[in-house]
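Heads up, the chain below is alone and in the form predicted on its own; it's given as structure tokens.
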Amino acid sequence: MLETIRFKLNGRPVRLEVNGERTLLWVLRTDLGVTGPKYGCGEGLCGACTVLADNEAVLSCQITIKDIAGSEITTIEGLAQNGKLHPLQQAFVEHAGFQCGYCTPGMILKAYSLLADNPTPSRQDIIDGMDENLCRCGAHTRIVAAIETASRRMKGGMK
């Protein structure tokens, strides 16, 4: 059954007539052409589909579109502002915190949520907080280093 769903996507209002039971991942990718969130496992185990819902990391393959009605959804496409990379994105570039890049959008958004909750995490806090996001290429040590750098640069505040 079609429902009218309204939410903000990367700061812009969206209104869709859609089956409310469809996952946010497939609505983003197929209906809205937003390709940052990736299909990985479809089971909520890899983190490739991570987006922010009201600044909290969520697995878009596990949440229905009706469940995000009225929310602010941010994908990797909405993190940079005015053509300037977010400090997390910049740190990932500097530390080569990616190899193939498939997991990178989910990693960065999970790290964003982690730093929003804990602006000055220890290395172990980062490791524990990122545990559910997988990188098959093995860039985890560079990812942790990038998050540490971004945390220092942001000096305890989200920018």
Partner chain sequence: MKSSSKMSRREFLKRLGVLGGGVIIGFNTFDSRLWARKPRAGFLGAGIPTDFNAFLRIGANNRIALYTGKIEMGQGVMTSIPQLLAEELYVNIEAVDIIMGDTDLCPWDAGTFGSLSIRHFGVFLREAAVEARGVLLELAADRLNAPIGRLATENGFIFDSSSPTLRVSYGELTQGNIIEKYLDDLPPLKPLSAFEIMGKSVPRRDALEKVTGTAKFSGDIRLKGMLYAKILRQPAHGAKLIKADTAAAKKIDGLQIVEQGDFIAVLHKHPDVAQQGLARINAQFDRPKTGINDRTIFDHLLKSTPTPEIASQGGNLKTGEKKAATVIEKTYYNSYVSHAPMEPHAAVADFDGKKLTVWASTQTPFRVKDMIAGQLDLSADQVRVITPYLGGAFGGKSASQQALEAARLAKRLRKPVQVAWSRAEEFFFDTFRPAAIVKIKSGIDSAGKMTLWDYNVYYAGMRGSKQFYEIPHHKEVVHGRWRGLSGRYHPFAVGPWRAPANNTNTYARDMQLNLMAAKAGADPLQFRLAHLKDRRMLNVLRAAAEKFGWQPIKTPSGRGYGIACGIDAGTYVAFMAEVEVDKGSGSVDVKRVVCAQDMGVVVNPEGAATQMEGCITMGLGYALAEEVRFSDGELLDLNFDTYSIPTFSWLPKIETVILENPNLAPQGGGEPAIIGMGGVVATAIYDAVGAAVFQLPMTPERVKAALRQV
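Positions refer to the first chain, counted from 1. Only a predicted model underlies this, so the values are computations on that prediction, with no experimental measurement involved.
The following text describes the form predicted in complex with the partner chain, which does not appear among the structures shown.
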Query raised in the report: Counting only heavy atoms and a 4.5 Å cut-off, does the partner chain in the predicted bound form sit next to every one of 9, 82 and 113?
Result: no
Report task. Mark residue 143 yes when one of its heavy atoms lies within 4.5 Å of a heavy atom of the partner chain in the predicted bound form, and no otherwise. Result -> yes
Report task. Indicate whether the partner chain has at least one heavy atom within 4.5 Å of a heavy atom of residue 76 in the predicted bound form. Result -> yes
Query raised in the report: Might residue 137 be said to contact the partner chain in the predicted bound form, defining contact as any heavy atom within 4.5 Å?
Result: yes
Query raised in the report: Does at least one non-hydrogen atom of residue 71 fall within 4.5 angstroms of the partner chain in the predicted bound form?
Result: no
Query raised in the report: Pick from 55, 118, 62, 35: which has a non-hydrogen atom within 4.5 Å of the partner chain in the predicted bound form?
Result: 35
**Report entry** Partner contacts for 40-57, taking the partner chain in the predicted bound form and a 4.5 Å heavy atom cut-off
**Finding:** 40, 41, 43, 45, 46
